[in-house]
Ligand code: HEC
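As a starting point, one isolated chain is supplied in structure tokens, in the form predicted on its own.
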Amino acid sequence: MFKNPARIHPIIILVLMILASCQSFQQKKPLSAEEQLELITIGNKITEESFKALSGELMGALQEGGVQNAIGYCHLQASPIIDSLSAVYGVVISRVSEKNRNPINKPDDSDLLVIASYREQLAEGRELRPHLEKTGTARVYYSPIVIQNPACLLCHGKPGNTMEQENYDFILAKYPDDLATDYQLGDLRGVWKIILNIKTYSGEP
């Protein structure tokens, strides 16, 4: 059809530019309020199921063998439980904190901004709510983790006070670089972070 290569190139380039422009527009298209609410609802459901799975197993281990048994269980099973739920829902679930116990829960720069915002809201007495952030081709759901159960302080409280020193020593044996102590009731522990793929959850290409 086209015998002159010099004529082919401009046409191909023009078509590619149009396609790239359309794709860029689709990727930058903001979600509607209804779509955002739908993703937050999905995130809430996944967070609730993840919390139930972790807290249920952890409390069972605590009742069965005390704090050190619960710590040992969490050390071995927390990550596999989260990974399993991530696979079930087709998302990436994590818990991140600037005072992390497990190094895999260390926050990135975007996470730190979210945590700082939640901490500021908490200091101002505002209600902390889940919200979405956009990154690349995904939406990231964040939900605050606030210490509300006194039992949490058995592993995350102040060593020698709300947390027995021997239990803290046991934690350090499992997590030598542990930072997750000295919390009080009502403190922000960190955030749930769920990476939701746009194509999967909002129909965007």
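Just count from 1 along the sequence shown to find any residue number. Just so you know, these numbers come straight off a predicted model, no measurement behind them.
Below, we turn to the form predicted in complex with heme C, even though it does not appear here.
S.K.: Quick one: does Y175 come within 4.5 Å of heme C in the predicted bound form, counting heavy atoms only?
M.R.: Y175 belongs to the contact set for heme C.
S.K.: Give a yes/no on whether N100 approaches heme C to within 4.5 Å in the predicted bound form, heavy atoms considered.
M.R.: Flag for N100 set to yes.
S.K.: Does H131 make contact with heme C in the predicted bound form, using a 4.5 Å heavy atom cut-off?
M.R.: Residue-level check for H131: no, no contact with heme C.
S.K.: Answer yes if any heavy atom of H156 is within 4.5 Å of a heavy atom of heme C in the predicted bound form; otherwise answer no.
M.R.: Yes, H156 sits close enough to heme C in the predicted bound form that at least one of its heavy atoms falls within 4.5 Å.
S.K.: Please name which of the stretches 70-78, 113-121, 131-139, 84-92 has residues with heavy atoms lying within 4.5 Å of heme C in the predicted bound form.
M.R.: Stretch with heavy atoms near the partner: 70-78.
S.K.: Quick check on this chain: which one of L31, A53, I40, A151 has a heavy atom within 4.5 Å of heme C in the predicted bound form?
M.R.: Partner contact (heavy atom, 4.5 Å) among the options: A151.
S.K.: Under the 4.5 Å heavy atom criterion, name the residues of 109-147 that approach heme C in the predicted bound form, in sequence order.
M.R.: Residue within 4.5 Å: I145, and no other.
S.K.: Relative to what is shown, are the Cα atoms of I145 and C74 closer or farther apart in the predicted bound form, where the gap shifts by 3 Å or more?
M.R.: Residues converge in the predicted bound form, at least 3 Å closer.
S.K.: Given that the CA-CA distance for Q165 and L76 shifts by 3 Å or more in the predicted bound form, does it become closer or farther?
M.R.: Distance between the C-alphas of Q165 and L76: longer in the predicted bound form, by 3 Å or more.
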